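Single chain ahead, by itself, as structure tokens, in the form predicted alone.
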Amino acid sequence: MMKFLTSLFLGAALLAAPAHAQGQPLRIVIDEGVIEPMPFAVPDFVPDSAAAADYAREISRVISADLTGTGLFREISSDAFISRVSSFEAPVQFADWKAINAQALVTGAVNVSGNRLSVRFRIWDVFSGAELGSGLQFAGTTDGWRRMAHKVADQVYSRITGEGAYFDSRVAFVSESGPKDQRRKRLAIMDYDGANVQYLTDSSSIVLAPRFSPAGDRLLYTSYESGTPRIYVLDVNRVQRQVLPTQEGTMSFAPRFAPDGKTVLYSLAQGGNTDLWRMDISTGNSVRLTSAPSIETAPSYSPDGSRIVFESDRSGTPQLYVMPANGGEATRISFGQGRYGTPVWSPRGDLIAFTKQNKGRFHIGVMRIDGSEERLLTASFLDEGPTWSPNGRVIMFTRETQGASGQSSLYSVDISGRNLRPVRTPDGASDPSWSPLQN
């Protein structure tokens, strides 16, 4: 795993005085109203060495793409620039940036020595002429330049919005190729924006539903390699795996890690019945959590590990229920029209995302953990399988198009329902799982 050094550099100002005439610092307040994207500028970072020129330009472009992709920022084209930043230490000509209506400015410098790369940067409130927070420096290897760009963008995003970061993260998914009736599937992992795709399995057997561990170092997934579904745990860095033990004549699927990373919650089908079980990964010992004639599946822990949300058809149609983590009485939380499934608890603990089918359409939605304030964020022929960004602001999911030639792909949407965007992948893609922030 790539390691980075982070440091404050001398001469960086602390959080500036109030930024605007209203006496408030530069800030995007994210609410349910219409948000006008904030105009910002990221001039190409200054190369401190000849070897740094290409890296400096590409790092600047990734930072801009990260911010623009949120829907909260609007990049000002370099064609409009009056000032050119040729030295990281030179005073900023704020009047020139005000003239093109840039509210935020990101400046930086990149140095390369051998295979080592460092990035220094500052974030400026143009209208107050003050720096936002302290300047930082990230250092690592040239192979990790994209990660350093994401780290810079995370700092800009967090300082201006007050929200947690999410750009320096990865997504596991099922890569799909071939015709719909002969689809080949293999497990893959990539940066959150679709870059640096790595394949973790071949396409010799069907794989489904990868799920990251809380530390982001392992994946759970379901494979039909043995002819029936079984759960595997895979070390992401070493690409080594092991199958989790199950009882003879059973099928195990829909796994998810507990917040402690030591136990796994999953569905086990036996004798025509499907219930929820919990397994200790180190010992393989399992405990049954539900016992009902209905189908219990798609479990997800609350962030503190005290409760579980899951899908069950005990009421006659698939609905969402919450119960204590050790089992016990379950409370139904979905009461709208239609069928509900694939619930996932937000990392913030305040919302549950889900798939909903109603009147021939599929939706990705969110609700409070008691089922109140249900909101549908998307609608299409088939939207399913939500996964949360590390900061709980964005949801990624699978969208499949209609017909014999229908293709699966990944999309993301803000929890307000704004900024629906496709996520680029080399081939078809499904079953996304968003990692925590990388270390």
Partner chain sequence: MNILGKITALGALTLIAACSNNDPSSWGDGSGTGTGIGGSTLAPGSVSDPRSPAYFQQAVGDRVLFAVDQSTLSPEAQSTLQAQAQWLMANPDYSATIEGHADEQGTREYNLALGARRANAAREYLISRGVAGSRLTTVSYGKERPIEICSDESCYTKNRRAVTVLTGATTG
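These numbers were taken from a predicted model, which means no experiment stands behind them. Residue numbers count along the first chain shown, from 1.
Here the subject shifts to the form predicted in complex with its partner chain, a form of this protein not shown in this document.
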- Task: Answer with yes or no whether Q182 is in contact with its partner chain in the model of the complex, where contact means some heavy atom within 4.5 Å.
- Result: yes
- Using a 4.5 Å heavy atom cut-off, state whether F127 contacts its partner chain in the model of the complex. no
- Message: Considering non-hydrogen atoms and a 4.5 Å limit, does its partner chain approach A50 in the model of the complex?
- Response: no
- Partner contact for R120 in the model of the complex: its partner chain, 4.5 angstroms, heavy atom: no
- Item | Candidate stretches 223-231, 236-244, 92-100, 146-154, one within 4.5 Å of its partner chain in the model of the complex by heavy atom | 223-231
- Note on the structure: Among L200, A258, I295, L136, just one has a heavy atom within 4.5 Å of its partner chain in the model of the complex, namely I295
- Query: Among S346, T274, T107, S169, which has at least one heavy atom within 4.5 Å of its partner chain in the model of the complex?
  - Reply: T274
- Message: If you apply a 4.5 angstroms heavy atom cut-off, which residues in 404-439 are near its partner chain in the model of the complex?
- Response: A404, S430, D431
